[in-house]
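In the form predicted on its own, a lone chain appears below as structure tokens.
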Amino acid sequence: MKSAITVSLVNEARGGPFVFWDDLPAACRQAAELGYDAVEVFAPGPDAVSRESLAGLLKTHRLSLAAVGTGAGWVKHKLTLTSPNAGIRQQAVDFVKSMIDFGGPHGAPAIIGSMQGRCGEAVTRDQAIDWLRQALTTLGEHARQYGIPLIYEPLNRYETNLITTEAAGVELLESLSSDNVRLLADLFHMNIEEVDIAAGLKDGGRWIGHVHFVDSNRRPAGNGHMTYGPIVAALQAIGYQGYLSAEALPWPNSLAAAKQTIAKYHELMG
């Protein structure tokens, strides 16, 4: 398993769970100095950083791009894949496609989290799930051209009322017409929704394609009450070899959070 750390370039997400903010070159430099393998970038759109600039930063600092977030589609543009408005749903799909095209040339999958939306008075659960299924199938196939999957993230009940556990995520993915979508296992969301996090990871099994490495209170790993031994054992049991990516609050500040996370990573990985 490899280490990664998050960088947000989205002003509208201020206060969210990202370790580094605003300055991508500085974040890459610090990540490299601390020994991270990769960065995960949360950008406002596909034009936030040119392909050449990003490639140069990654090469200079010998980093990989672990993944790219699509949450700006929601927090900045108010787009969801399950909106009752067909035009908004199409805009949401197009936005995610653009982010797949942003990360794809660097081998980085796009993550769908908040853009999945929710059901409610205007949209039944069955209808929302059907729209979500259609979008994930389309986007999974769009990602295939880059040899990468699409990553879908179950969220906790306060952020969505659609898919909240890894087991439910597997059921959804198994119903798709595309086999190129994988699950994100976010330890913060799992701490709320799973009866047992290690068991939830085993439920996800081969479908898990990315992990957000964070503590119970969304602070950096080691600053909450998460018990990591069984979690790491479960990831090893399912043969997970992807990233443990720090999507955590910059507590008490970005550099301290980055240092704490990489220290915990090395403690657990040996």
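A quick note: this is a predicted structure, and the numbers were derived from the prediction, not measured. From 1 onward, residues are counted along the sequence shown.
Separately, the form predicted in complex with ligand LER exists; it is not shown, and the next lines address it.
Peer 1: Does ligand LER get within 4.5 angstroms of any non-hydrogen atom of F42 in the predicted complex?
Peer 2: Flag for F42 set to yes.
Peer 1: Within a 4.5 Å heavy atom cut-off, is R218 in contact with ligand LER in the predicted complex?
Peer 2: Yes.
Peer 1: Consider L155 of the chain shown here, and say whether it contacts ligand LER in the predicted complex, taking contact as heavy atoms within 4.5 Å.
Peer 2: Yes, L155 lies within 4.5 Å of ligand LER in the predicted complex.
Peer 1: Even though the partner isn't displayed, in the predicted complex is E166 close enough to ligand LER, meaning a heavy atom within 4.5 Å?
Peer 2: E166 lies outside the contact set for ligand LER.
Peer 1: Determine which one of 89 to 97, 171 to 179, 155 to 163, 192 to 200 lies within 4.5 Å of ligand LER in the predicted complex, judging by heavy atom distances; exactly one does.
Peer 2: In the other structure, the partner sits against 155 to 163.
Peer 1: If we check ligand LER in the predicted complex, which of the residues in 245 to 266 reach within 4.5 angstroms of it by a non-hydrogen atom?
Peer 2: Heavy-atom contacts within 4.5 Å come from E247 alone.
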